[in-house]
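The form predicted on its own is given below as one chain in structure tokens.
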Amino acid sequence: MQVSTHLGPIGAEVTGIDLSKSLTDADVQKLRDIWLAHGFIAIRDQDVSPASQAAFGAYFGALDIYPFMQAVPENEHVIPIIKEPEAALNFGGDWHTDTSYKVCPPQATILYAVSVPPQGGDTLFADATRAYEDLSPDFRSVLEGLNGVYTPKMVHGEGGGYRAVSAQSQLGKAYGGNEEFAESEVIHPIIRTHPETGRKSIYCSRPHTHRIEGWRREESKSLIAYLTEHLTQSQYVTRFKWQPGTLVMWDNRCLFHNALNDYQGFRRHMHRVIVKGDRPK
């Protein structure tokens, strides 16, 4: 197993591994160490079925169920993320961490490229840990005293972006349900501490953090926007180019990501698995 860090400020590419075969405990531990050190790992040229993708995810923890999309028939933990050529909206097209509105958001997301457009469709990853550490000590101290109100309603709730177009796009054919949960709220810190590395990261996001606890939404939006602008500066961001057969696992506890929507007229088909995490602290 070889590791290359040529991708950018965050992330590592791993070669010399075949994910269609069982991994040893030593392999899993090495992959986890690389992942924790670099935020995301990319493994190219793989032939990964839904069953083998779920099995790979299970090496790293219990698998979770995504609440708003139907899984593929072969495995309840694998959801298809498809944008058809005629669709305008893409899935995950803003800076965020996955399902941060859950009581216990996932520690890891594992995305596998079934087919990708001939150009475009890259994913941006941002290092929310380094971005936090580069803030002034006094500002960090203020932020650490704040909690956020996290909710899926701005995306999945009544009037949310996905629900508004679900009847008109390919995205909507597998999308829907969970209306009560779509309006739910949960409290998390806007700066979270990684349970394995002990390092702190920015955690609030425009799509999922409705407001700072005790603040009005308009007051909160300015701070969330500032932190998003800060953590997405070029020195923190890797732009990752997909190829068919590429699998990427990223750490939702310390990375933001943004799926670029720049491939109108082409199809993009991905499979996603999420691994359960703990409650942010």
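Keep in mind the model is a prediction, meaning the values are calculated, not measured. For every residue, the number given is its place in the sequence shown, counted from 1.
Not on display, but discussed next: the form predicted in complex with a small molecule.
The small molecule is not shown here, and in the predicted bound form it never comes within 4.5 Å of any heavy atom of Asn75. Contact between Asp98 and the small molecule in the predicted bound form is found at the 4.5 Å heavy atom cutoff. Under a 4.5 angstroms non-hydrogen atom cutoff, the small molecule in the predicted bound form has Thr123 among its neighbouring residues. Put simply, Phe91 is close to the small molecule in the predicted bound form: some heavy atom of it is within 4.5 Å. Contact with the small molecule in the predicted bound form, defined as a heavy atom within 4.5 Å, is made by none of Ala12, Trp35 and His194. You can rule out all but one of 48-56, 211-219, 27-35, 251-259: in the predicted bound form, only 251-259 has residues with a heavy atom within 4.5 Å of the small molecule. Here is the short version: of Val116, Ala87, Ile81, Leu143, the single residue with a heavy atom within 4.5 Å of the small molecule in the predicted bound form is Ile81.
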